[in-house]
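Before any questions on how it binds or moves, here is one chain, the form predicted alone, in structure tokens.
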């Protein structure tokens, strides 16, 4: 595998970086973190006007029909800027579920709204703390009506549409899990804000009390669809984390070059040098693994489950490592509210739990490698 982005894709990257530098300074992130707004709507609308929300959506549904490499580029730049927008929920997940399993009518009804930012989508999977397994899914749909509770739901306060995993049959196996589309403006939907480590990416508890639910995909195949879509989203999330790790490293490096102590730049001290070098190695390894994931995603390769898990584990470790050590490089100032270090530390920990924890992805990687390397069954 040898992946490189084209000149046009690199130009898109530059344009997005300039756009976000202008429209998403740290003050924008802090405004959402400290305020009641669920996300920055002008920024999200601006991304929609650029067309990048529809990069991987076919033109027939209002997108650009380019591909998922362009989404990887978008994800990285959003991660660098800590953009407080629901792209992961609405585009990486809701739109991908529609593309993977939606009917023509469902795609035509919702995809144009998602890519134009007219509507926001989300994915409601978890129902309690801990690892999400088929057995943990207890929300039920009977007679076309959904009942149960989902928590936490990313961007659940602002979402207009939810893809919900629920049961239509008794039991606790994966075969009883199906997917449904739910209009969150319907009666019977109750939302409550949920505290989390990064209030710039808000979460909610959503209670469904007899809400109309429209089947998405074949009955009983929901869990398999979830695994496939989450693999795709994991690659994009890894690029967000790589973008954040790179920016945290840059912040630490710049401060080490500017801060003077005992008449010297603190970056000249061995302890700081080693810390920054470790951050660089971690971020570079994560980028390499993310590129592997991008190749597998764009090529729809059979290796995608392995590549996605590898990218996810590496990027999670890198972002947390760089965000934590950026605070250390800044010393006592790094712990203050006035400095921006905590913004990256918050986001690194929030993303570490999105789509499943680090330990879940490590287990998933081991599982995939075992399958990949298993000897063929004897004839």
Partner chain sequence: MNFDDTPEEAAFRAKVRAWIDANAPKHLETELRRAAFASSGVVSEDPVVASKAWQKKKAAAGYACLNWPKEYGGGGFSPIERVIWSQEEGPYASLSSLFGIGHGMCGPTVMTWASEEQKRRLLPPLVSGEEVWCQLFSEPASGSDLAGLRTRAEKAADGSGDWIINGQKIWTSGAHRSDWGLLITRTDPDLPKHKGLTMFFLSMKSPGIEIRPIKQANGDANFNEVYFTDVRIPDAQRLGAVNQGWEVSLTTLMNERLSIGSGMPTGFPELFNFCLEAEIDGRPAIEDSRVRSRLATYAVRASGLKYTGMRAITALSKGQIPGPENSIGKLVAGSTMQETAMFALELQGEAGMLTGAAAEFAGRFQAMLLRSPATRIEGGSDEILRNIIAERVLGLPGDIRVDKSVPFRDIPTRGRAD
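Positions refer to the first chain, counted from 1. Keep in mind that this is a model prediction, so the values were computed, not measured.
The same protein has a further form, the form predicted together with its partner chain, not shown here; the description that follows concerns it.
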Heavy atom within 4.5 Å of its partner chain in the predicted complex - residue from 43, 69, 32, 341:
69
Contact assignment for its partner chain in the predicted complex, among 265, 116, 186, 196, heavy atom within 4.5 Å
265
Residue-level contact is defined here as any heavy atom of the residue lying within 4.5 Å of its partner chain in the predicted complex; does residue 281 satisfy this criterion?
yes
Please check if residue 8 has a heavy atom lying within 4.5 Å of any heavy atom of its partner chain in the predicted complex.
no
In the predicted complex, residue 366 touching its partner chain (heavy atom, 4.5 Å)
yes
Though only this chain appears here, would residue 133 touch its partner chain in the predicted complex if you measure heavy atom gaps against 4.5 Å?
no
Which of 105-113, 197-205, 228-236, 273-281 lines the interface with its partner chain in the predicted complex (heavy atom within 4.5 Å):
273-281
Between its partner chain and 4, 310 and 317, in the predicted complex, does every residue show a non-hydrogen atom at 4.5 Å or closer?
yes
Quick one: name the residues from 284-298 with any non-hydrogen atom within 4.5 angstroms of its partner chain in the predicted complex.
284, 285, 287, 288, 289, 291, 292, 294, 295
